[in-house]
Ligand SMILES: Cc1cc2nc3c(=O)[nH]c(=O)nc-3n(C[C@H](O)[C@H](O)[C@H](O)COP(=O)(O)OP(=O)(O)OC[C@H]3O[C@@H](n4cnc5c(N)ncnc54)[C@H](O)[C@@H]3O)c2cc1C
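First, one chain by itself: the form predicted on its own, in structure tokens.
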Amino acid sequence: MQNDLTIIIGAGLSGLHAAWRLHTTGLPVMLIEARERPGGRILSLPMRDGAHHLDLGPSWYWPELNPLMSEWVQRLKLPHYPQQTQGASFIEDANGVIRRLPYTWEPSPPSMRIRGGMAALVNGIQNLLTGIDWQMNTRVEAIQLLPDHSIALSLVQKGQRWVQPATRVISTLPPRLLCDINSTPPWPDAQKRQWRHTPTWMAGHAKFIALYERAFWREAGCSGTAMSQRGPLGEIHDASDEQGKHAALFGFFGVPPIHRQNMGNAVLRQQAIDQLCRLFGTQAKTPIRAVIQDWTQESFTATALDQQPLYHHPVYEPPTVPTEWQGHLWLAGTEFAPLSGGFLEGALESAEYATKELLYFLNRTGTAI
């Protein structure tokens, strides 16, 4: 079809997978991303020599439960290794009493990590997308379905505005962010209510990472794992590479977003270091570097609704596309994955479903590919 173009909104894992799927069929694709980097909620911090990356977003996948993730790891030949669980662990109660357990609970199936961080996965897929039209630092302000059934997207890139025509669109935005895009015809009120009530996974989370010269906790027979009811970190794990050469600990803040903002990063950082000292000893006092990644401060991930803490994993449902947009718009992203919603596998699952439905639609309607 002349001037045929599929636009994918969002270059997170879901958008990258969707772009790759369509690219392999020969469909022209434009990938639009509001950030200046691909990956979305996948964000890996390189250490000084660049050989190891620390995940500020998702860190793990489970091969036995995540077939699509496993396919990508194998396709890209990414080295991977299990989360460090060898040695003692700690439990800290609300009163500050610390119990040392002689073991660390082993997840079943084991949690796996990718050498080079999850950014290695993003970079690997990106390298396969030769010939894709990338538009980074680009926001979608509005989307309009025109009388000739084409689509017009109002875009903003570094203060410059223009209208980009498209034949069809796949949005991988979290439902709450999708609500904020002006649409013509408008999103139905019932649909917007449903999207606003769908939590964005990780949007309320904050992660702390401390880098050290040595993995001194391993030398003391500890795994680096701890659970705390006192905080500020509620859950702590080893974030080092498989040999422990690049030493790091990471933890998830158990402090609600509004309290984190009131405290400020400087106070949070010091309290987190103090907690690591309580658990692992005074060697934790002087990290080489200490980093906080608060996802509630990421406007391309979180909205004001994500300030409310989640106390359980949400139940996500398959996407429902408004009637007038069916055959023109497809929805992906981990919040639209009914089986693995919230996980990396969910991002891939939803993109797989959306692209299969799109290609089926093209074949059924006789659209040339």
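Please read these numbers as outputs of a predicted model, since none were measured by experiment. Residues carry their position along the shown sequence, with the first being 1.
Missing here is the form predicted together with this ligand; even so, the following discussion is about that form.
Asker: Using heavy atoms only and a 4.5 Å cut-off, decide whether all three of L27, H149 and Y353 touch this ligand in the predicted bound form.
Answerer: Zero of three within 4.5 Å in the predicted bound form.
Asker: Is H52 one of the residues lying within 4.5 Å of this ligand in the predicted bound form, judged by heavy atom distances?
Answerer: Contact check for H52: no, nothing within 4.5 Å of this ligand in the predicted bound form.
Asker: When the contact criterion is heavy atoms within 4.5 Å, does I181 count as touching this ligand in the predicted bound form?
Answerer: Close contact exists here: in the predicted bound form, I181 approaches this ligand to within 4.5 Å, heavy atoms only.
Asker: Against this ligand in the predicted bound form, would G224 count as a contact residue? Criterion: heavy atoms within 4.5 Å.
Answerer: Heavy-atom contact with this ligand at 4.5 Å: absent for G224.
Asker: Against this ligand in the predicted bound form, would G57 count as a contact residue? Criterion: heavy atoms within 4.5 Å.
Answerer: Yes, G57 lies within 4.5 Å of this ligand in the predicted bound form.
Asker: Have a look at 91 to 99, 212 to 220, 269 to 277, 195 to 203 and name the one stretch with heavy atoms inside 4.5 Å of this ligand in the predicted bound form.
Answerer: Heavy atoms within 4.5 Å of this ligand in the predicted bound form occur in 195 to 203.
Asker: Judged by heavy atom distances of 4.5 Å or less, which residues of 173 to 192 approach this ligand in the predicted bound form?
Answerer: L173, P174, L177, I181 sit within 4.5 Å of the partner.
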